[in-house]
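One chain comes next, on its own, written out as structure tokens in the form predicted on its own.
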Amino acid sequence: MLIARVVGSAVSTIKDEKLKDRKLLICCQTDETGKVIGKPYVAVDTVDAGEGDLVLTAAGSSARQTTTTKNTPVDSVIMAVIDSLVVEGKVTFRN
């Protein structure tokens, strides 16, 4: 799993039928404080996340393990919106 920030969205009218009606969001990996440190990537949203949200994502075959993405051609999925992060007893992020 990766911690990521939703930085935008992607719209595709022509896509695989299994992705129809799926929201595609652009994410960037972050550190434990929510600071963006990675390149952007597209993830299928399963939890109604939005731009600016800090989220948990899964990639590869793990991305196809949610009810929404099972047996679909996805490589990354948003599976949780983060409320807070605590690292070594210190709150590093709170929504």
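For every residue, the number given is its place in the sequence shown, counted from 1. Remember, it's a predicted structure, so these values are computed and weren't measured experimentally.
Below, we turn to the form predicted together with a further copy of the same chain, even though it does not appear here.
Using heavy atoms and a 4.5 Å limit, would one call residue 20 a contact residue for a further copy of the same chain in the predicted bound form? Residue-level check for residue 20: no, no contact with a further copy of the same chain.
Examine residue 50 and determine whether its closest non-hydrogen atom to a further copy of the same chain in the predicted bound form is within 4.5 angstroms. No, residue 50 stays farther than 4.5 Å from a further copy of the same chain in the predicted bound form.
Problem - Within 4.5 Å of a further copy of the same chain in the predicted bound form: residues from 72-91 (heavy atom criterion) - result: Heavy-atom contacts to a further copy of the same chain in the predicted bound form: 72, 73, 74, 75, 76, 79, 80, 81, 82, 83, 84, 85, 86, 87, 88, 89.
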